[in-house]
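Just one chain is shown here, as C-alpha cells, and it is the form predicted alone.
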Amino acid sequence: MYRTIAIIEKSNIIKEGLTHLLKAHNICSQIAKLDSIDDWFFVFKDEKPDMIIINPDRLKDTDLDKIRLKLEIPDKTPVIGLLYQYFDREIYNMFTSTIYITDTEDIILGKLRNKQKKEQNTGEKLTGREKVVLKLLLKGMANKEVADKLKISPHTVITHRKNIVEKTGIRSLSGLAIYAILNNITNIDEISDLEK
C-alpha cells in the first residue's frame, strides 16, 4: 500500500472518482488532490508522495527529468499519466505508465498494483549483461554504439535499459551513475560527462 498518492487534475469529478477507487481498494492511506502543478509546494513541503497521477495538460514542461528536479521528486516515484485526449507520442513516453479515462476499474487497479510490485522489487540484482550495458551507457555511448560493440540489436539494448530502470527504480543517467559507483559496477573515472 502506498502512503500518499498525488492526483493532479483540474476536473473535480475525475479527482473524486479516482479518490473513491483508490480508497475503496486500499491502494493508499492518503490522497492529495491538486488542481495544477503550481499547488505542489503548498501541499508537499517536506514529505513527497509515493506516486503521482497527472493529466498532461497540467504540466508546463514535457521533460519529466526537469519536472522531477524542480519538484524534488525522487527517480523511483512512479508518475502515471491520466489521459483522456490525444497527445503527441513523446508525452506518452515520458510517464512511468498511463491510465486512460476509458479504462475499467480492474485495468486501473492492475496498473497501480503493478507499479507497487515493481517498487517492492527494486532490490533485484542486475545481470552481468545489464551491468555491461550500463557501463557503456555511462561512458556516453548511444544505444546503437552499445549494440555495435556488444554485437546485439539496438532493440536488445533498449530492453536492457528498461530492465535496469525497473530493477533500480532510477530513470536518469546521472542517478544510474551514482547507483553504479555505489554498487561497484564502475568507478568515477570511467563515466563520461553526463551533462553534455
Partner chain sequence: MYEIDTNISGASRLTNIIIEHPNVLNVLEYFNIPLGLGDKTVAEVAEEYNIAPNTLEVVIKVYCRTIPSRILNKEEIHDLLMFLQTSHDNFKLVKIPELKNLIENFSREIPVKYGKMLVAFFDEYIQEIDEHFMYEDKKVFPYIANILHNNKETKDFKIREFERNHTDIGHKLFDLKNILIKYIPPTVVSEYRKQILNKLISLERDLMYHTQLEDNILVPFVKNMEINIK
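Rigid core here is just the name for the largest C-alpha set that superposes within 1.5 Å across the two forms. The shown structure was predicted, so the numbers you read here are calculated from the model rather than taken from an experiment. Positions refer to the first chain, counted from 1.
Below, we turn to the form predicted in complex with its partner chain, even though it does not appear here.
- Residues with any non-hydrogen atom within 4.5 angstroms of its partner chain in the predicted bound form fall in just one of 142-150, 64-72, 44-52, 129-137: 44-52.
- At a distance threshold of 4.5 angstroms between non-hydrogen atoms, G175 is in contact with its partner chain in the predicted bound form.
- Heavy atoms of I31 reach within 4.5 Å of its partner chain in the predicted bound form, making it an interface residue.
- With a 4.5 Å cutoff on heavy atoms, P56 does not count as touching its partner chain in the predicted bound form; it lies far away.
- The closest heavy atom approach of N183 to its partner chain in the predicted bound form falls within 4.5 Å.
- Heavy atoms closer than or equal to 4.5 Å to its partner chain in the predicted bound form belong, across 148-171, to the residues K167, T168, G169, I170, R171, ordered by sequence position.
- After superposing the rigid core, the C-alpha of I13 moves by less than 2 Å between the shown form and the other one.
- Relative to what is shown, E47 and I170 are closer in the predicted bound form; their C-alpha atoms differ in spacing by at least 3 Å.
- Distance between the C-alpha atoms of N55 and L176: longer by at least 3 Å in the predicted bound form than in the displayed form.
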